[in-house]
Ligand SMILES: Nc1ncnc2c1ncn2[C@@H]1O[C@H](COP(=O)(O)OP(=O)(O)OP(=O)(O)O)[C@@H](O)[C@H]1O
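Before any questions on binding or motion, here is one chain by itself as C-alpha cells, the form predicted on its own.
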C-alpha cells in the first residue's frame, strides 16, 4: 500500500476532530473521501500531510511511518497536497508559480503546460487575475511539478462551473491512467463516482463506510444516511 492510516485521531488545538480513522490506498488507485461539510474529510488530508496534531494512530506512506513528521519531510517522500483554498501566489505570474513548485526529479514546465494547455496562454498573468478554474489547474500543475507519487486533492471541484468541473475531471482521470495514486476529498458524489475506485464515507470524524463505488451505489441506506442522496 502507498498509504495506510490506522486508528488515526487528529486535533485542532483542543478540538478532537478525527476519531480512529483507518483507510488505505494502493499504488495507482483513486480513493474518495465522502461526507458532509465538517465531517473530517479535509482534516484527514491535513493529518496525512502533518498539518494537524495526530495521536494516537499511525500514518504510513510507502511503508514509512510519517506520523507526526514535519510537512516538508512528508513532501520529500513524494506526497503532493492541493488544498481547498488553492494557495497560489497571487502576486506571481503563472510561470513563476510553476517554477516555485519545481523539483529536479519532478515534472518539467513543458510537461505541465502540455497537460494543462490552457495555462500556456496565461504564463504572464498574475495569479490574482485568474478565474477559479484557472487557479485550480495552476495549483494542481504546480503540485505536479514536484513529481508526487501520491496526490491529495481537497475538494477540487468546489465552487467551479460545471464545464470546468468536467475538464478538471478529465485531467484527474488522465493522472489516474498514468498510474498516480490519488486521494480525493470531494462533496460532489457524481464527480467522485466517475474517478474513484473505492470510497470512504466520513461522518463526525469516523469512517462509516468503506468499499467500492459499486458497493456504495448498491447501498441506498448508506447514501441516504450520510450523503443525503
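All values derive from a computational prediction rather than experimental measurement. Residue numbers count along the first chain shown, from 1.
One more form of this protein exists, namely the form predicted in complex with this ligand; it is left out here, but the text below deals with it.
Between this ligand and the residues 213, 25, 17, 207, the one pair within 4.5 Å by heavy atoms in the model of the complex involves 17.
This chain is drawn without this ligand; in the model of the complex, the residue among 171, 53, 194, 36 with a heavy atom within 4.5 Å of it is 36. Looking at residue 181, you'd find every heavy atom of it more than 4.5 angstroms from this ligand in the model of the complex. Interface membership of residue 84, defined by any non-hydrogen atom within 4.5 Å of this ligand in the model of the complex, is confirmed. Contact check for residue 134: every heavy atom lies farther than 4.5 Å from this ligand in the model of the complex.
Within 4.5 Å of some heavy atom of this ligand in the model of the complex lies at least one heavy atom of residue 40. Residues placing heavy atoms within 4.5 Å of this ligand in the model of the complex fall in a single listed stretch, namely 42-50, out of 159-167, 172-180, 42-50, 55-63. Shown here without this ligand, the chain has only 155 in 144-158 lying with a heavy atom within 4.5 Å of that partner in the model of the complex.
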